[in-house]
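Here you get one chain, nothing else, as structure tokens; it is the form predicted alone.
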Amino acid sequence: MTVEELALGFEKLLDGKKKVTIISHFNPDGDAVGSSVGLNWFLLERGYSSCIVLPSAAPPFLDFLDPEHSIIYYTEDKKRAKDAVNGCDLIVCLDFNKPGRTEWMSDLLTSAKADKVMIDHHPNAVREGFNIVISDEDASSTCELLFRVLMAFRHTGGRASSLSIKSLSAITAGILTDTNNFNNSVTPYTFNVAAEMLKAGVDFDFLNNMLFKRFSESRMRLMGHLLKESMELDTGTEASCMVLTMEDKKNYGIQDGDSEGFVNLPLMIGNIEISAFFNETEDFIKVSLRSKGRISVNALAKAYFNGGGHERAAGGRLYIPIAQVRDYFRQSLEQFLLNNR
């Protein structure tokens, strides 16, 4: 079935529903928050009782998308989160392809009795347990796919202006962040959506300022430190590796989200094809991988980093000492390239 046909099924499933709960993934990014807030406004403005539940807090630079602090974070209020999931008629899952991406909310999600819809752009979407799965790996972002879904609804008439500026702005924010400001994974449709947003009155200057020009001094100084002291380049594999340690975070006093986008920086170097960024946490090492396109970091993440994602943008986790990360990355990449000649 096409996206448009599935969207009509989603619209029909909404009929008669009283309470809707929107869920996105652990460590929510701009696409997760943007799609959640965008859909939430769409539903609220049409008379639904709707709320957002996220497994963990969003980065501070996205706080302008939720000025009323209405998002329920499972890590901060488990009771409200559980009540919202168990007490709704419909759950809409955004920007993740399997329940495990919600971490500690996975069991809560899978055991919930409500109807379930998934809207996502990651490969290999799990369909079991969902009434409707709307998946498009070619979409630049879940926000772009969500916009396409909403435009297919009968009562929107395919008009962006049928959505409020609040909803459209949140959706646009997700597109901007997931495409790295239209630098990654874009298609002609992505720019068609952007044009529709502009016509409808979305303030792109405001969004760019809020998303890309509002970082802390500590983030900028940390960026300089990592580029000078941590970035290692390997001409043989055409790869870059950067490591952010717990000590670095302490020294620069950074918050969660302050390292967002750092993985993209080495790709500005002409002979670098792949960039890896390793972020040490108390429980594991968060892995971010980016590629200019010749190397599938999705396949690399699946094979060596307990993760996955897209061809040019993927992630995962490691459970090894931080001191071993660089050697592990180099050896893994060399083996991967050897196996995929």
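Computed from a predicted structure; not experimentally measured. All residue numbers are counted from 1 along the displayed sequence.
If you look for the form predicted in complex with a small molecule, you will not find it shown, but the lines that follow are about it.
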State yes or no: in the predicted bound form, is some non-hydrogen atom of A313 no more than 4.5 angstroms from a non-hydrogen atom of the small molecule?
yes
At 4.5 Å between heavy atoms, is R317 in contact with the small molecule in the predicted bound form?
yes
Is E280 a contact residue for the small molecule in the predicted bound form, using a 4.5 Å heavy atom cut-off?
no
Does K82 reach the small molecule in the predicted bound form if we count a contact as any heavy atom within 4.5 Å?
no
Heavy atom within 4.5 Å of the small molecule in the predicted bound form: which of H225, K98, K249, R219?
K98
Non-hydrogen atoms within 4.5 angstroms of the small molecule in the predicted bound form: do D29, S288 and G308 all have one?
yes
In the predicted bound form, segment of 33-41, 63-71, 300-308, 47-55 with a heavy atom within 4.5 Å of the small molecule:
300-308
